[in-house]
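Encoded as structure tokens, the following chain is the form predicted on its own, with no partner shown.
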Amino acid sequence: MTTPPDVVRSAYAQLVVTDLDRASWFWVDMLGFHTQYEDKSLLCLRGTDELTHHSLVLRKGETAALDHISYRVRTPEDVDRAERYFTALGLPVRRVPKGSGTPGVGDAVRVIDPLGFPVEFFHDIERAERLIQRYDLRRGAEIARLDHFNICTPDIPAAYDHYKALGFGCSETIEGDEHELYAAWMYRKQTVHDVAFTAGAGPQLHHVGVATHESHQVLRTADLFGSLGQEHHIERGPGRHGVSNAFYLYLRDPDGHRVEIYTSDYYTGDPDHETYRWNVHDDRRRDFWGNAVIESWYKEASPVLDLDGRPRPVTGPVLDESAVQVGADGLGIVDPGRQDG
């Protein structure tokens, strides 16, 4: 059996945006990302705590989409393992030599994974100046780091099995009365998650999660958008999830990409850490307290591109009004026979 790569953590997301200036206003001026590299078609951004070149890349293009998500692996040899592993699965695989892909990233491998997502694996990346105590540079939401990806897929068990095979642990799930799997939060770094799965039409990106240190920074983010008359960018929150215990605010960028401003999750690094299992009928999984989920939460997500930059087709259930609504806390239905498509 082919050995999978040893994944360390979620490393960065690369998004296609249609207006780089507007995107910079949102992600840099309002959320507080630091610009590490820029040219006329690309921005590489990072949070205050991050010591690598970037955790978010914005690439100018005609149609907003997810270009790829990226995981850092433990050694250069793990890049080779990723190539062999996904090749053995019969999936599209492309080697990306240093200098031919995203700025700052060394040799990498990009694949279309079993769920249909464009995913990159790399080890080498340029280091960046330490900004942890550069309080004079902080602004906006004071984003500290990338935390996670939340992805939409019609087959949650398949997503769980794929990431389990890559060595991910599972912190929390949402399950039915017969233990049907509606959603899962999976990790390599020792927090609640590096990736979570939303059941629904996919492959699509539901959101990118970025972390702040304190809850008041989440509230400050809402105040900043409100003070400028830009509160329409706020989609949901502030509130606290039951799942993950996160104190959150969800916003949409000028192209509709969804971002979660996130704090207050917990440590998962003990070897005997147990998965916490929520019942799908327990509404506190969705909100320990906070605002009701709105329709766009279930129906809107970012499309994804293939390795040649073409939109990937979306497949999966079309849910009717009898669906059990779980959203990015997992979107599922009680009766699988009600799925269409």
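No experiment lies behind these values; they were computed from the predicted model shown. For every residue, the number given is its place in the sequence shown, counted from 1.
What comes next is about the form predicted in complex with a small molecule, which does not appear here.
Next on the checklist: Would you classify Gly242 as touching the small molecule in the predicted complex, given a 4.5 Å non-hydrogen atom cut-off?
Outcome noted: Within the cut-off, so yes.
Item to check | Touches the small molecule in the predicted complex: Gln204 (any heavy atom, 4.5 Å) | outcome: Because no heavy atom of Gln204 falls inside 4.5 Å of the small molecule in the predicted complex, the answer is no.
Checklist entry - According to a 4.5 angstroms non-hydrogen atom cut-off, is Trp297 in contact with the small molecule in the predicted complex? => result Yes, Trp297 lies within 4.5 Å of the small molecule in the predicted complex.
Item to check | the small molecule contact in the predicted complex: Arg145, any heavy atom under 4.5 Å | outcome: The answer is no: Arg145 has no heavy atom within 4.5 Å of the small molecule.
Next on the checklist: Looking at heavy atoms inside 4.5 Å, which stretch does the small molecule contact in the predicted complex, given the options 53-61, 303-311, 27-35, 278-286?
Outcome noted: In the other structure, the partner sits against 278-286.
Next on the checklist: Under a 4.5 angstroms heavy atom criterion, identify the one residue in Arg72, His162, Arg188, Arg236 near the small molecule in the predicted complex.
Outcome noted: Checking each option against the small molecule in the predicted complex, the one that comes within 4.5 Å is Arg236.
Next on the checklist: Please identify the residue among Asp255, Glu83, Glu120, Glu260 with any heavy atom within 4.5 Å of the small molecule in the predicted complex.
Outcome noted: Exactly one residue meets the criterion: Glu260.
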